[in-house]
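In the structure tokens that follow, a single protein chain appears in two forms: structure 1, then structure 2.
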Structure 1
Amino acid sequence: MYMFKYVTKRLGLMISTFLIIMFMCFVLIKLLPITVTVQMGQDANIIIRQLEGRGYIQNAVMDPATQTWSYERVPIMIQLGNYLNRIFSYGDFGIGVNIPSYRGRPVISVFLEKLPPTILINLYSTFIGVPIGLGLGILAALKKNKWQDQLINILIILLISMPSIVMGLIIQYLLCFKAGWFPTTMNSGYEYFTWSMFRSMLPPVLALCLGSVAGYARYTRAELSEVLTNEFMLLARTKGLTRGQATLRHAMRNSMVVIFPSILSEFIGVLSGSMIIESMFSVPGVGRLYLDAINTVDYDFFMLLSGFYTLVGLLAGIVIDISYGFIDPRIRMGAK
């Protein structure tokens, strides 16, 4: 009962926070000047009419002498009403206007097309990073204050202090350019589960997961070191359990109360930070599309992708809080 009330309350707060953030994003992006970018052979008249048809501007007129457009901006709150009406009445999240490659295409279809690469590189980085990070953290905790612990701590400090963009440049230079083990950019196409595609994904995956490995190792070492010194561990040893059995059955289980939520938070951090890595390695994912939407001030793409990243972050907070109750039955979220 306590958990149900707690989850209901958190969902209400999440929805309220989401609506406030999206309202702020809509207002702020609409306060920017309207830019129309065309390439050679493209007609600016089509783009202006698209903006007018979407309810962003009105009374658009071109001066034949100067070939420039004059128009009136629709009030922001009316634009917001039109935007919400299209979403809830027709499922229309807008069309691309300023990104040349996706001009005139529904933003939701482009988003769904770009989502698989982003999800895959983040899942691969988690599948690779979690066992390595946990293994290093367990080894450091069991060998506390020994040379193995010192070496792992140095590695953790190096990986945590190095930005992902620097990590990506090092991987591109050493593994892709010098060694030639991987291509410098991700393969194009939709065959995501072939060996060639997986091999081209490994450089961005490594750039993302190495920082997470350091985070997992740090959390695991800190928590497991504290648990190993508790009195119940001494009691388990006196009852005949070996050190390995006591560590596996008791210490790791208690440590996971902190470690498992940290894994979820690291995954969300990687998902949010993959935008730069996607651009570096030409990953045709959501992060790269988001940067393009920001650079070209494409309203509909910006709103949909901002909503996606905002919703992922808010949902992660709820999942992390609820996970405490499942990992340790003694924890009752929302109880007094």
Structure 2
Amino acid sequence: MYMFKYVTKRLGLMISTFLIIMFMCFVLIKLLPITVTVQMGQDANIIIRQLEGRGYIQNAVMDPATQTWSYERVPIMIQLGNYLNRIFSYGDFGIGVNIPSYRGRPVISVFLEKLPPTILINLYSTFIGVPIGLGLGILAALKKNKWQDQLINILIILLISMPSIVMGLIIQYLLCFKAGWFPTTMNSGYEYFTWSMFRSMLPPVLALCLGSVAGYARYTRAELSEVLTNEFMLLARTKGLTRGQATLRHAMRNSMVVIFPSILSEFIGVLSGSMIIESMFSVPGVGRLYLDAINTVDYDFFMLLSGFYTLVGLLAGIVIDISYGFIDPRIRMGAK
């Protein structure tokens, strides 16, 4: 019951923060003038009418002489009402206005289309990064202050300090250009589970996971070496467990209480942090979409993606606190 109360309180706070941020974003965006750029052969009329239909503007008329549209703004609060109404009644987050390839398409469907590459890359990077990172951390903790530990420590500080831009460039140059193992950019298309697609995904995955490997390794090393000095470890060895058994069953389980939430939060946080990697390797993911939306000033895309990034950031923060409560029996039981 205590956990339930705690979780609801945290979630409630998170949601209210989220709503306030989104409200500010909405107001700030709607204060800006709407620009509709249309290329040759496209009809601005359709887009203007779509905007009108969504209740963003009213009385839109085209001046036949100059071919420009003039319209009246709807008051922002009414716009907000219309926006929320469309979201909750039809699941409609608006339409693309200025990004050339998505002009006139529903924002949400484009977003869902772009989500799989981003999620896949993060999943792969977690799957590759976690075992390596934990392994290195365990090795370093077991061999504390020996040469293995020092080597791993140097590796960790190098990898952690390496900015992801530089990491991406090095991987692109060495593995894609010099060695020629991987294509330079990710394949386009929607066949995500083919070998060639996986191969083209590997450079961004590597660039992402190398940094987090160092993070996991450092965390694991610190936690595990602390647990290993505990008295109960001595007891475990005294009662006849081998060193491996004692480490795996007693030390690891205890240090996991701290490590697991950080993995979870890193996974969620990295969803939003891969914009650089996505743009470097031309991953057709959410990061690219966000950049396109910014560069072409497409408000509906911007609203949706800002919401996504804000939510991801908030979730990453909250998940640590909540998962502590679920994983750590001292907190879970002690509260009763």
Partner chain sequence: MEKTNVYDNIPLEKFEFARAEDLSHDKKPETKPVGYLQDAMRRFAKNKGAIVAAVIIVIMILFAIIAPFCTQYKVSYFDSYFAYTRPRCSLFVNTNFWDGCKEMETNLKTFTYYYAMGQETGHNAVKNQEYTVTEDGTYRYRLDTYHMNGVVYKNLSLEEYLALQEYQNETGIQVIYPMVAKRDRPTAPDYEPDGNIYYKTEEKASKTQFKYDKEGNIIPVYNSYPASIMENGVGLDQYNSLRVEGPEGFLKDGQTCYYSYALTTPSGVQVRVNYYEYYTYYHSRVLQDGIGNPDFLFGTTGSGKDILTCLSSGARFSFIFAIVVAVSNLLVGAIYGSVTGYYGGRLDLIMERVTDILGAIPSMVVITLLKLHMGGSSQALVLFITFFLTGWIGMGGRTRMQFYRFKNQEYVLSARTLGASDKRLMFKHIFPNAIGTLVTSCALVIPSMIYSETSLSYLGIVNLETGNVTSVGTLIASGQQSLATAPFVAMFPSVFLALLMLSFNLFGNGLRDAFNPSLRGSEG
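Just so we're on the same page, residue numbers count up from 1 along structure 1's sequence. What you see is a predicted model; the values in this text were computed from it and never measured. Rigid core here is just the name for the largest C-alpha set that superposes within 1.5 Å across the two forms.
The form predicted together with its partner chain is structure 2, not structure 1. Relative to the superposed core, Y90 undergoes a C-alpha shift of no less than 2 Å between structures 1 and 2. Taking the rigid core as fixed, one finds a CA shift for L315 of 2 Å or more between structures 1 and 2. The two forms line up on their rigid core, and L28 then has its Cα shifted by 2.9 Å between structures 1 and 2.
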